[in-house]
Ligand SMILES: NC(=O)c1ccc[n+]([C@@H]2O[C@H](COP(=O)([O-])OP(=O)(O)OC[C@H]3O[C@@H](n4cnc5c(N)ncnc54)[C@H](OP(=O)(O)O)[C@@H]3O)[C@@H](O)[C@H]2O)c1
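Okay, so here's just one chain, in structure tokens, the form predicted alone.
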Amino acid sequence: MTMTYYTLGNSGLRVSRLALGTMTFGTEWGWGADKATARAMVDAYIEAGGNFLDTADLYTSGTAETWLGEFIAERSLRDRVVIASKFTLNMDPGNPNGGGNGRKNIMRAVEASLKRLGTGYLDLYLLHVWDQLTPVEEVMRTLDDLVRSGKVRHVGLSDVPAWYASRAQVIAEFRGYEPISTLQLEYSLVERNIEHEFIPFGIRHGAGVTVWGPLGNGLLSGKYRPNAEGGEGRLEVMRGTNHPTFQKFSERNWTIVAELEKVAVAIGRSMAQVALNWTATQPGIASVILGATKLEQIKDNLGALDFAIPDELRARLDAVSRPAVPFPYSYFGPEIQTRVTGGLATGDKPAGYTRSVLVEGDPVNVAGK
């Protein structure tokens, strides 16, 4: 395959359209890959031209960062790869400042991640999840300090409300802080709700969306079937928990899986490849994070962009997976808008009318934002 690259949001950081996630590196959580398999997956990804490696301090209790650092050092890859890590979640039970998004924890967490990864800097550092407490001003000032210190190159947000992301970007713009280059969010055929606010925000305000969960935690790979239990996949292992990420078994989602399988057969591709292709080629998507436990899964995933989904088949996937339109978005359709414009056609400006559409004349940034 030929890997292509987008600049991440409005930054100059070039990342491959397919990223490699490391949440599966280690078996501490009851599922995942052993060290030899994890190393083989990294090797296969690098050989395919991938350069975007995503991890977090909490992943398998630090094992993921440690292994990733070792794999990078073994092949002297540090200058060739983009390493993204995240902070927020507490790894020290009983310590109220061992997690969260306050300055104390961010400064602690970055030093711990750098040590585990065996590197002097992170290319991208992200808030992992909104803690509902820390002022966004404190977060952005701390992240900017890390950039100015040289320990971090770019910053991003993951799993936050849209209003919070917007507030963060405004603060960065008006105070001269390092801006948000990416939003890392769940997105797939079975989870499309970011289309309401996050995608428009990212496109208009320079934050490329990096997708996690593009296969619905394995549901869209075809490995799970209705009324069938058993196995070692993430959704099975986590079936009895209340973790929202793993609540994917529903009648609506089985209908999506069934349609996806039909489209995959028609194209002659695996269900996983079709699901990844659909996600990666949606508006506003900069990169899609692959997460696997087996080498053959990664090899299959890496072929996800070697084809195009025919328009009529894509329309079928769009229709079966279309999310409900809640208020106030239900008011933004043509029925209400015609009353705004008096029935006249007053569409937005054409592409290229404003400089914000193209960055330094590079059309790749339109899709990369």
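Everything quoted here is computed from the prediction, not taken from an experiment. Heads up: residue numbers just count along the shown sequence, starting at 1.
The form predicted together with the named molecule is left out here; the points below concern that form.
Remark: residue 218 counts among the residues lining the named molecule in the predicted bound form, judged by a heavy atom distance of 4.5 Å or less. Although the partner is absent here, residue 59 sits close enough that one of its heavy atoms falls within 4.5 Å of the named molecule in the predicted bound form. Contact between residue 167 and the named molecule in the predicted bound form is not found at the 4.5 Å heavy atom cutoff.
Put simply, residue 70 is far from the named molecule in the predicted bound form: not one heavy atom of it is within 4.5 Å. A heavy atom within 4.5 Å of the named molecule in the predicted bound form is found for exactly one of 142, 293, 253, 105: 293. The partner is absent here; in the predicted bound form, the one residue of 117, 82, 199, 272 having a heavy atom within 4.5 Å of the named molecule is 272. Looking at 199-207, 154-162, 96-104, 109-117, the stretch with residues near the named molecule in the predicted bound form, meaning non-hydrogen atoms within 4.5 angstroms, turns out to be 154-162.
Although the named molecule is omitted here, in the predicted bound form none of 9, 123 and 182 has a heavy atom within 4.5 Å of it. Taking a 4.5 Å heavy atom cutoff to the named molecule in the predicted bound form, the contacting residues in 3-27 are 21, 22, 23, 24.
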